[in-house]
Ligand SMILES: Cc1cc2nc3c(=O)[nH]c(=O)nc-3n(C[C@H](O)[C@H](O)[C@H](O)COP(=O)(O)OP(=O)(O)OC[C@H]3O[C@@H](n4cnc5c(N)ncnc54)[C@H](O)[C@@H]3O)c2cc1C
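A lone chain, given as structure tokens: the form predicted on its own.
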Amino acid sequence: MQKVVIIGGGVAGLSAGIFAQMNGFNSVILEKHHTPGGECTGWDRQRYHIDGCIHWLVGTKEGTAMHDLWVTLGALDGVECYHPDSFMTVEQDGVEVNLYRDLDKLQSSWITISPQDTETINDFCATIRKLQSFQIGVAKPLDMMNIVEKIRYFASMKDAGAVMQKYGKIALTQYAERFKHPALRRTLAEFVPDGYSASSIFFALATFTQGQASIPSGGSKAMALRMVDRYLEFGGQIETRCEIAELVHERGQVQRVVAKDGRSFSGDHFVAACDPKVLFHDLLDDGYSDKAFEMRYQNQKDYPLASNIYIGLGYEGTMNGIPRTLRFPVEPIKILQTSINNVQLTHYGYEPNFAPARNTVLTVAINQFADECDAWLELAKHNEAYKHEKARIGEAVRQSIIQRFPEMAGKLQVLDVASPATYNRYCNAHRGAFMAFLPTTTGKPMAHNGRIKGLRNLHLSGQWLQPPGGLPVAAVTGKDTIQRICKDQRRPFTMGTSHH
């Protein structure tokens, strides 16, 4: 039986492992951390559980191809999902703007706020409606399709293509200028950072309003562990605390991988379901660098990487009537060289097991980009200064929340502050990135088949291979990798169905 060795036990690695087992391979997943799941994770602090990943998951709608894939992977098999009423509520100058799941409700509520923007709002909602037919392709990667399949695929992408053509090269900040009302304008302009393509908001809201983006019960870590269970049920093997230090290869083939503790794993096929920078730079010593990736790593302006500061808070109380995600203005909080004027607060009142009875866990995410991430990595080398800075930011955020919700005074504590250096340390994420290259008006979207030129039996999997990144892309590319290996081996490939 042929052996597949998978480096990295995140969602891409678990997906590759499950499909390897389903297709008659013998596989092992090598995971650096003590718990598989990669960045799809959560952690416990002082009787609270901080969910570290899923803001919303694409593929929660039954009857869609992505949902079927998640079910096959064990991620959503028989799992209840929470469907928040709004994507986010934004408070601005005394006005409350809601990004409702119900698109008609969003449309009428915005027109109520700003009748003079009716035409622009109608056009905005019409574009979202047009995109609601769009679904992530799951069956086959483009490079494996025959001509008929390609024609069908491109026909299915017609609406998405039209939206990309119209809005892909317009910055969201620029698009937002079409709205006369300042609250609507700012809601859109600050939805993603400056320089980002306007197309991003249309895709996000189309997915959300078609009921495709909800939150699986139990959160991120529970979902990853369900995938682990599925993999083990299929006979897979996981080695944790097993960070790979070296790939041994000769004559265009990888022979084995060697862990930092000296353990060695040989196989017929190798899947790098890890950060590409780790693969090309650390494991392959820059000997097989890839132009597509190198160009993006060198050009942070057109291909930014996003990380964040992630603050977990425990509240001795309930958040009844407060939207799941709320953005509100605050007195400026200094973060390294910049400052923030808004706080985006998410609460998990719908997850009774995340907090003690009648208590609620809250999180605040603050975006960080290249220079900031580098500054955090530098600061992390100085333990005391690093700890002090994290504590200062956590306290400033806590105070700003109390200012907005005075009833929380004396009942709100900072549980944890993670920084880009945290993502780097636990997940080997380059610059602490938790998302793939972000869509800007000037960058070209990544489309990579995961093959490593010069090494026949090594494949790259993960969210980096195609936009927009994230968990669905990780799951799909894990499957795609095994599909490609089956094709190379002239073996049939099964997508399988849930075996329950």
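No experiment lies behind these values; they were computed from the predicted model shown. All residue numbers refer to positions in the sequence shown, first residue = 1.
What comes next is about the form predicted together with this ligand, which does not appear here.
**Q** Quick one: which of 101-109, 380-388, 308-316, 199-207 gets within 4.5 Å of this ligand in the predicted complex, going by heavy atoms?
**A** Going through the listed ranges, the match is 308-316.
**Q** I'd like to know whether residue 374 contacts this ligand in the predicted complex, with contact meaning heavy atoms within 4.5 angstroms.
**A** Residue-level check for residue 374: no, no contact with this ligand.
**Q** Would residue 66 show up as a contact with this ligand in the predicted complex if we use heavy atoms at 4.5 Å?
**A** Result no; residue 66 lies far from this ligand in the predicted complex.
**Q** When the contact criterion is heavy atoms within 4.5 Å, does residue 413 count as touching this ligand in the predicted complex?
**A** Answer no; every heavy atom of residue 413 is more than 4.5 Å from this ligand in the predicted complex.
**Q** Can you work out whether residue 243 and this ligand are in contact in the predicted complex, taking contact to mean some heavy atom pair no more than 4.5 Å apart?
**A** Yes, residue 243 lies within 4.5 Å of this ligand in the predicted complex.
**Q** Decide if the three candidate residues 42, 345 and 354 all line this ligand in the predicted complex, where lining means a heavy atom within 4.5 Å.
**A** Spot residues vs this ligand: no contact at all.
**Q** Could you check which residue among 53, 50, 438, 452 gets a heavy atom within 4.5 Å of this ligand in the predicted complex?
**A** Here the answer is residue option 53.
**Q** If the cut-off is 4.5 angstroms on heavy atoms, which of these, 288, 426, 328, 82, is the one near this ligand in the predicted complex?
**A** Checking each option against this ligand in the predicted complex, the one that comes within 4.5 Å is 426.
**Q** If we check this ligand in the predicted complex, which of the residues in 467-491 reach within 4.5 angstroms of it by a non-hydrogen atom?
**A** Heavy-atom contacts to this ligand in the predicted complex: 470, 471, 472, 474.
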